[in-house]
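Next up is one chain by itself, shown in structure tokens, the form predicted on its own.
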Amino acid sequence: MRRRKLGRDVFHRWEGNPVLTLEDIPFRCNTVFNGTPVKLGREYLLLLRVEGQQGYSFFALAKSWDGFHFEVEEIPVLFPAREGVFGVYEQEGIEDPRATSLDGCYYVMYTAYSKYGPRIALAKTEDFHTFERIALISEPGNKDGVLFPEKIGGRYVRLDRPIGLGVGSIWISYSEDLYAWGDSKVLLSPREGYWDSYRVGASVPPIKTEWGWLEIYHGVQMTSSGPVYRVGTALLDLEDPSKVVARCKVPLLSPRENYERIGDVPNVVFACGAIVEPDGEVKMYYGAADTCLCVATAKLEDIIMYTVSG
């Protein structure tokens, strides 16, 4: 592969960013961010995290024919549960969905939030309007769950981010049935002296490539003025994804624009999904400053090049 001439970042921001702001939402809300994309035929769907004015988050749906210009549906598609076990652990909202196509439907991992802390929850849908909650699949203190798009060695595989002794690392776990998860191992940890020295977490459901499973993740560096969230990448072995093949030395997208630096949580670019187009272009959708939703693009081979060589 030849190294292409690039700008400030490997990912190129769409000139029309932000894709969606609260002004684009057809009902009253505080903000919109962290949307997970899927492509059905020629149509793009974005399952959005919307923070309502009540103070908790829920999910809405947006549609597009080009992946850049979206229209948000007038009625949200999923609210926090108010009854049963989900009602207990979603009382303060549902956050940061990540959708994976698997077994003929879409599975959505999301964060259930309550006074007990964050837990990973799993739901499934065929049309992104009707959702079946499956299970709460982690203990408290865990979030950023993403599901691999196929079984490996006959088992489902996920990445997540539990907090242990204040350290946020990416772990890998396995399941026979999507309910019970185990064989958990630390996969990626913060690196002292790097851009991801404070905390790391899975961002995009892993993308299968000829070079390995590509994981686009977020890394956090703590500064004197607070945390800075950036986007990075790692390659995992195709047959044994608990083995890290390569990991970028520098971030592929950093907060630079005003809409990424100024907002409810400043200095944040936070990916929740990506679409790989037939020509190898990757459209990555990310929340900026927890205040709007944006898209950036890069060639898959460039992403791999900078993951391997830094």
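Residue positions are given as counts along the sequence shown, with the first one as 1. Bear in mind that the values here come from a model prediction, so they are computed numbers and not experimental data.
The protein also exists as the form predicted in complex with a small molecule; that form is not presented, and the subsequent description refers to it.
- With the partner left out here, the small molecule still marks one of 249-257, 60-68, 30-38, 276-284 in the predicted bound form; by a 4.5 Å heavy atom cut-off that stretch is 30-38.
- Using a 4.5 Å cutoff between non-hydrogen atoms, residue 268 counts as a contact of the small molecule in the predicted bound form.
- At least one heavy atom of residue 143 is located within 4.5 Å of the small molecule in the predicted bound form.
- Not displayed here, the small molecule is kept clear of residue 9 by more than 4.5 Å at the level of heavy atoms in the predicted bound form.
- With a 4.5 Å cutoff on heavy atoms, residue 290 counts as touching the small molecule in the predicted bound form.
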